[in-house]
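Only one chain is shown below, in structure tokens, and it's the form predicted on its own.
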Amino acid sequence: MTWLALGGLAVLAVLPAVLGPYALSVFINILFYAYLGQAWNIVGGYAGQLSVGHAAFVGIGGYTAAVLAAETGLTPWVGMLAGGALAAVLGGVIGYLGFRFGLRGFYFVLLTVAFAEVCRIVASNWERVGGAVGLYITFTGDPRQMQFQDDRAWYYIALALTALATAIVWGMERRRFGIYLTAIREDETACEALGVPTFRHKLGAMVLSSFLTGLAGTFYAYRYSSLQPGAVFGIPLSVEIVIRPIVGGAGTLLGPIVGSFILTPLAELSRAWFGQGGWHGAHLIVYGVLLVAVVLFLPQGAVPVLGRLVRRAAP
């Protein structure tokens, strides 16, 4: 398994040499959403705490780094960490309120959505961060300001982030923390009866997940040179984050990556084939139908199904 992972990483590392501009952009999106899905997977997949407000952490991370760069001149490479830390604080607040008061299932979903919506409204009405118009970043092409002339730099940053998040989850799986999270997901009441500190572990998962997601906000801000409250705090982004690991296999190491490799090209192809006609939104309908088909035929995610096929084929 380790050699297979290293081989896949090596292939991805040399891939930009043979990709055209459009294909390179698609692969950047694949890796970016794979990273976001892996960050969500910690709390949503392993701990079983369904958050549909992770866009809040993307927005917090992006706005923090951009505002610090504009007002203090702090490089986004450092501002990224500050944004991740602030996102972790918000994640800690959400986790504390949700887990301390025993919110589970749809109630925890509503809590996370509510916080994301509060963040969107605050950003939309706060002129210091651009208000409803959004925050725009002047492009300089200076790598020290996380701006690049060549998109291959964004590809390698996205690849590094995905590899980092995957390595963290891989290490987590092999430690007591990850084992406890999986047990909590399967039967939280039984874990509490056995003396497992469920509140502490769920909160830790939420904080770690929020921090990693916050780092992605800086990537988003400087790749697109802008931040709009409706885009970075909105429900659509949260849903895009969640569906990757669900389709790939929530609570599995490779689920978010496989899910992103399935869904991101699917979205691009449906947009390219059906989004150019006179019927606006046709590509979204096609994408939705294809997504429903994937969920119906792969209800546990792609990775568990692929694992069973590999085991059956093995001599």
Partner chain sequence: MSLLEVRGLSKRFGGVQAVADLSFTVDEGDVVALIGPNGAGKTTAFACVAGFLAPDAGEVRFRGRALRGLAPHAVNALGIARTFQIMRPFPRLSVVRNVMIATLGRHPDPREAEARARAVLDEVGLAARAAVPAGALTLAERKRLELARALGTEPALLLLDEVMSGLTETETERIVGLVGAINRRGIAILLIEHVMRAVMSLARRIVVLDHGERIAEGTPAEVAGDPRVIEAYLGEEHAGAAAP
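Numbering follows the first chain given and starts at 1. Between two forms, the rigid core is defined as the largest C-alpha subset superposing within 1.5 Å. On a predicted model such as this, the values are computed, not experimentally measured, just so you know.
Missing here is the form predicted in complex with the partner chain; even so, the following discussion is about that form.
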{"item": "Residue 153 within 4.5 Å of the partner chain in the predicted bound form, heavy atoms", "value": "no"}
{"item": "Partner contact for residue 144 in the predicted bound form: the partner chain, 4.5 angstroms, heavy atom", "value": "no"}
{"item": "Close approach of residue 183 to the partner chain in the predicted bound form, 4.5 Å, heavy atom", "value": "yes"}
{"item": "In the predicted bound form, residue 128 touching the partner chain (heavy atom, 4.5 Å)", "value": "no"}
{"item": "Which of 71 to 79, 229 to 237, 88 to 96, 191 to 199 sits within 4.5 Å of the partner chain in the predicted bound form, heavy atom basis", "value": "191 to 199"}
{"item": "The partner chain: the contacting residue among 133, 164, 179, 114 in the predicted bound form [heavy atom, 4.5 Å]", "value": "179"}
{"item": "Heavy atom contacts to the partner chain in the predicted bound form at 4.5 Å, residues of 291 to 305 in sequence order", "value": "300"}
{"item": "CA of residue 24, rigid core aligned, shift of 2 Å or more between the shown form and the other one", "value": "no"}
{"item": "Threshold 2 Å Cα movement between the shown form and the other one for residue 298, core superposed", "value": "yes"}
